[in-house]
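Next up: just one chain, as structure tokens, the form predicted on its own.
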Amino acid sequence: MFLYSIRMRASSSNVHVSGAEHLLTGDRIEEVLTDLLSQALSSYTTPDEIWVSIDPIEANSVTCIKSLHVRTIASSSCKEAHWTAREILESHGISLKVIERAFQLLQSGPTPEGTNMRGAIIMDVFTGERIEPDIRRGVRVSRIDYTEDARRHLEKELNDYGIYHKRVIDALGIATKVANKVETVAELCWSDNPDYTTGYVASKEGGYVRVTSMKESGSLRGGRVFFVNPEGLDLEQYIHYLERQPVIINRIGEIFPLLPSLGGRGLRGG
């Protein structure tokens, strides 16, 4: 039996504006293609290029995992949000110097030209050195999806807590796959979409922690940083897992009520 990996990427003047993907059976390809094209065309700016790929995947190669727990922390400003995210990252043993390096790259643009990347930065958690092979492209996490039951469960829980957004579902999937790799210490992310200002810090230990107001409305800056432990790291294998290993989320972690700002307490545990 085959599943299919279907991926969409839309850009305008070579700048990424939208992307999504699914793992699905052949009878759903037409339905999902329609949804992906609608998503691309309803982006914050009209794309001049939409790229779609469909690849067959052996069903027995798929790994099934449980999604990270979800917390949301309300922040009243970018300054407070960044402070909160730094506190969470520090609680995972990441030095402030490395954290500041990650923030600087996402705020100024991670490429040599100061633009966004389609993929993520891979950062040595001890030194802050970037170790992804292509610092203009980054590493794009792919081949991740939910079972239909798990997606419905997640949508209901997010709606019940008033935090439903398609971006939460997509980002939680990516964060879960990344955190499931033992070399990943944590992830820092906020979207490059100018209308979406909530970012997150994620890890296997601490879960998926959404932080509101991570950037100013209207800002096109954004991206992902994966903090990795280089000790014993096989970078080629790590990237192969992120980009090529099919992963399906078949169980949903706990969704917690909205929290106020951390106030310096940090956040640990699942």
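Everything numeric here is computed off the predicted structure, so don't read it as measured data. We number the residues from 1 along the sequence you see.
Absent from the display: the form predicted in complex with a small molecule. The rest refers to it.
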task: Please determine, with the chain shown alone, which of 195-203, 177-185, 127-135, 91-99 has non-hydrogen atoms within 4.5 Å of the small molecule in the predicted bound form.
output: 195-203
query: Which of Ala171, Ile121, Val141, Ala81 has a heavy atom within 4.5 Å of the small molecule in the predicted bound form?
result: Ala171
message: Taking the small molecule as it sits in the predicted bound form, is Arg167 near enough to touch it, meaning that at least one heavy atom pair lies within 4.5 angstroms?
response: yes
Partner proximity in the predicted bound form: Met117 to the small molecule, non-hydrogen atom cutoff 4.5 Å: no
- prompt: Taking 4.5 angstroms as the cut-off for heavy atoms, does Ser191 touch the small molecule in the predicted bound form?
  reply: yes
field: Tyr208 within 4.5 Å of the small molecule in the predicted bound form, heavy atoms
entry: yes
